[in-house]
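Okay, here we've got a single chain as structure tokens, the form predicted alone, with questions on binding and movement later.
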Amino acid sequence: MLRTHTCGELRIADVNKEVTLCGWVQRIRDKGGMIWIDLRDRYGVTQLIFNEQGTSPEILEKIRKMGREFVIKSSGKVIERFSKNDKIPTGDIEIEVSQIEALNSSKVPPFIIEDETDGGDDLRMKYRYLDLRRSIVRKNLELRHKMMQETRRYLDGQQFIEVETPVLIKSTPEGARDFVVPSRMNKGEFYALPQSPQTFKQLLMVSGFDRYFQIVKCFRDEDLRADRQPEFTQIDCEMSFVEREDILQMFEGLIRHLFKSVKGIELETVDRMSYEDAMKYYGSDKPDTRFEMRFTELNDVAQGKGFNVFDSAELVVGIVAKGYAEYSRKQVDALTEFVKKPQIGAKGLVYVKYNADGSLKSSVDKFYSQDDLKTWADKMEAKPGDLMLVLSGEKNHTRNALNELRLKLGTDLGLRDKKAYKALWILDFPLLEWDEESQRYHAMHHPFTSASPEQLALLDSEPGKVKANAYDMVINGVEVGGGSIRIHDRGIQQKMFKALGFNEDEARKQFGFLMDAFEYGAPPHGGIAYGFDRLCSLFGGSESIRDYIAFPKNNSGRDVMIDSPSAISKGQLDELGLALKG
């Protein structure tokens, strides 16, 4: 080893030791009679000190040729630091250098490699290998590493076996777009990169591997945002001989284990909520339950009073901001403009201030008396000092808009504490959802999701009413995982394909291998997949999963560091049987 210690290791107890450190020059401070170098590696920063009077001219010459990010090796004695730095673990000591060597030089980096950098996102993405030297970025990947190890520790302790499944698989029409890979040996045919290992983990259950997991790369060719990447990582799991409750207990246990082992937090009770209640009371299938502000439907008390906006609406629904009746007109107008943004799409906002003296002031006083507004307040459980905010319109659209307003208020009022964690299971999703464009049903989760046992008979007659035996884990308003009890009977799977509009030939072509497997003793089974990148960002307190991926893509799906995707040569295209257009 070129070094005896790391740059984050030495303490006051090491004084008088002769040591050798290697790392990168973070900064050099030359004060004439004294020179200091901050030397950095993955483990921390240690200060090197040189006294001009006691340092040989050869060493001083070497130092003055060095710059930021030079890779150096330095030997000397650990001494107590005169001016201590309580901001770093090594701040009580420094190294009185006797020998120094430049192992490699460096160009001047394009941005400052410190926690507070002057590099913008695009620049840091282009030089990601430099960005990764910053401790703030490295700590994100250290968190990811610890979460990965603790995931394996928990699942291994529960007798799960880690099995790798293929990356070159068959394209399927359901779900997001596939990334496809042309086959050179089978010209005109294509592999797909897996959106998940779904069918393979079900086949493993048929094979008798009754507890499987994999921390696996998955791929989706979809539009990107902060919490999406074209390639992402899942904690993918499956179990045999289980019912829904077994899955919920096992994988609630995983989340509890991660919070305890990684963050030292004992997670509170994990609540359960039906999909129907989530949409009715929060307008979202991933509600943030760190704060209340539940929806109250007001059709019965707000309609029939001559206010056409409400009278013509499918839904009139509101929320209460407790203690905020003193909001100014300007602040309420800002909320109105927020809900009228095109991406939210509400036509307007009605407010009612429940003043401290018990009077009520609204934006619709022309249509509603004090008694009418008091009826609203009673139904919404509002008290003097509260602010009521009401939207109306088509049911689903209005719920979505009010959800956005609720989240904005939660953020503005400081109710979404990043240090607080509230988890819940969302249950009883619809099995299918109708798509107007294609005029057929689509699986809300995927085609292998089982119906709730008591509703299986409705699959032939009223498929739209069938509930799925499915579940999502939501933490702080983020869906971090989801799964279901699977169909394990060939006949029921055929019924499901029929409900989804597959004819027999299509079903056989796409999923014949799975249907055949079901004829060889498939056990009852179910599973779940957690979005590992999302879990990491949640644990780290960031909204972007890119911060927890070593080499992420940008919002256009590009890796600007290696300039990918890129064109390939005509020779490569010819080998693959693909002709260039034009």
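Only the largest set of C-alpha atoms that superpose within 1.5 Å between the two forms is called the rigid core. Computed from a prediction, not measured in an experiment: that's the story for all the values here. Heads up: residue numbers just count along the shown sequence, starting at 1.
Another form exists, predicted in complex with another copy of the chain; not displayed. Remarks below refer to it.
- Heavy atoms within 4.5 Å of another copy of the chain in the predicted complex are found in one stretch of 320-328, 69-77, 432-440, 393-401, which is 69-77.
- With a 4.5 Å cutoff on heavy atoms, residue 484 does not count as touching another copy of the chain in the predicted complex; it lies far away.
- At a distance threshold of 4.5 angstroms between non-hydrogen atoms, residue 493 is out of contact with another copy of the chain in the predicted complex.
- With a 4.5 Å cutoff on heavy atoms, residue 213 counts as touching another copy of the chain in the predicted complex.
- Although the partner is absent from this view, residue 144 contacts another copy of the chain in the predicted complex, with a non-hydrogen atom inside 4.5 angstroms.
- Not one of 11, 28 and 267 comes within 4.5 Å of another copy of the chain in the predicted complex, counting any heavy atom.
- Contact with another copy of the chain in the predicted complex, judged by any heavy atom within 4.5 Å, is made by just one of 191, 421, 307, 502: 191.
- Though another copy of the chain is absent from this view, in the predicted complex it lies within 4.5 Å of a heavy atom of just one residue from 453, 384, 166, 345, which is 166.
- Contacts of stretch 1-34 with another copy of the chain in the predicted complex, defined by any heavy atom lying within 4.5 Å, are made by 1, 2, 3, 22, 23, 24, listed in sequence order.
- Put the two forms on the same core and the Cα of residue 17 is off by less than 2 Å between this form and the one not shown.
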